[in-house]
Ligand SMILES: Cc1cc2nc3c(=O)[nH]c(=O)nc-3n(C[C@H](O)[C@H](O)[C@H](O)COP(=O)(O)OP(=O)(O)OC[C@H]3O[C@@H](n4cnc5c(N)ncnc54)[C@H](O)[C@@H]3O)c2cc1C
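Form predicted on its own, single chain, as structure tokens, below.
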């Protein structure tokens, strides 16, 4: 509902139009809440649209698997839910370790046992069984953990599709709307844009990624959020032959590469060394040494990819927290204020689960998903 030429009123205002905010907008409208979704640039333009596109559950903290399982169920029905294809493929996810790190095989086994009790079934492979199943792997690969119900999707399509579905369901969606002031005024929040427009609601959800702490600070709450830029590249297309998304488990950032092949034949490559990112410039530059490091590591993981030509590289602005866990849930200080940010480069898969969980929490006051690990005040700020 609009009350004047410069003030819009709704049940919930969401600041941040990535996959968290866009999916929350959709699920809130499905719960018959009026929603205003505000994005400073274009929907899904930053971390939600520039990431690798992994829809993986394995490798996440065990406490995060219920949230990841909820998200997985949304991904599986995404075409029906959104009314369009976001190129989601339930093609499996393979996580491998190198021979020089045999201790990780034991980690795979322990993780698989724990994950099985939280709804994630994993197959473990080594030796000839691994080579026969995944012949593209390099000789340095020792063992693998495989999740057949995981996969990947197109991040450039996902958040915009959620926002369009939310808009069709009745949400107000505003792009190119940079928010400069957020404040509590009586029972409502007043959210003011750079050009003077005002948006008002009794509930405010901040899903602004690497920019979230600029808004939370206005409520006296802070989190040690930093930003980094992923190293991403894509190859020329070749015949489609590699179904799962593949990644390396390693404590060394340089080795942590991953890739996936899309149906058009291109290989999407991510991981290895991250670069700097700048919230004031709203961009992250691709660092050539990081791309070269990435390609060196990809040759170890899947030697055949060395023959392919890179046709494009890119990066984006991602928000990181020290423990690599997000801030998610209600504010401990301000009633009606909610957060979901700081997903530390691994938020794409759980994005729809975050949106559904936050919508449930806002609408009913509770959710069966434990949000204790993600509380805002765990860092002591504010």
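Positions refer to the first chain, counted from 1. Since the structure is predicted, the reported quantities are computational estimates derived from the model, not experimental observations.
Note that the form predicted in complex with the ligand isn't included here; everything after this is about it.
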Based on heavy atom distances of 4.5 Å or less, which listed stretch (88-96, 138-146, 308-316, 105-113) is in contact with the ligand in the predicted bound form? 308-316
Could you tell me if residue 348 has a non-hydrogen atom within 4.5 Å of the ligand in the predicted bound form? yes
Taking 4.5 angstroms as the cut-off for heavy atoms, does residue 20 touch the ligand in the predicted bound form? yes
Using a 4.5 angstroms cut-off on non-hydrogen atoms, would residue 244 count as touching the ligand in the predicted bound form? no
Distance check, residue 211 to the ligand in the predicted bound form, heavy atom within 4.5 Å: yes
Contacting member of 249, 165, 203, 179, with respect to the ligand in the predicted bound form [4.5 Å, heavy atom]: 179
From the list 130, 232, 302, 173, which entry has a heavy atom within 4.5 Å of the ligand in the predicted bound form? 232
At 4.5 Å by heavy atoms, is each residue in 53, 207 and 282 next to the ligand in the predicted bound form? yes
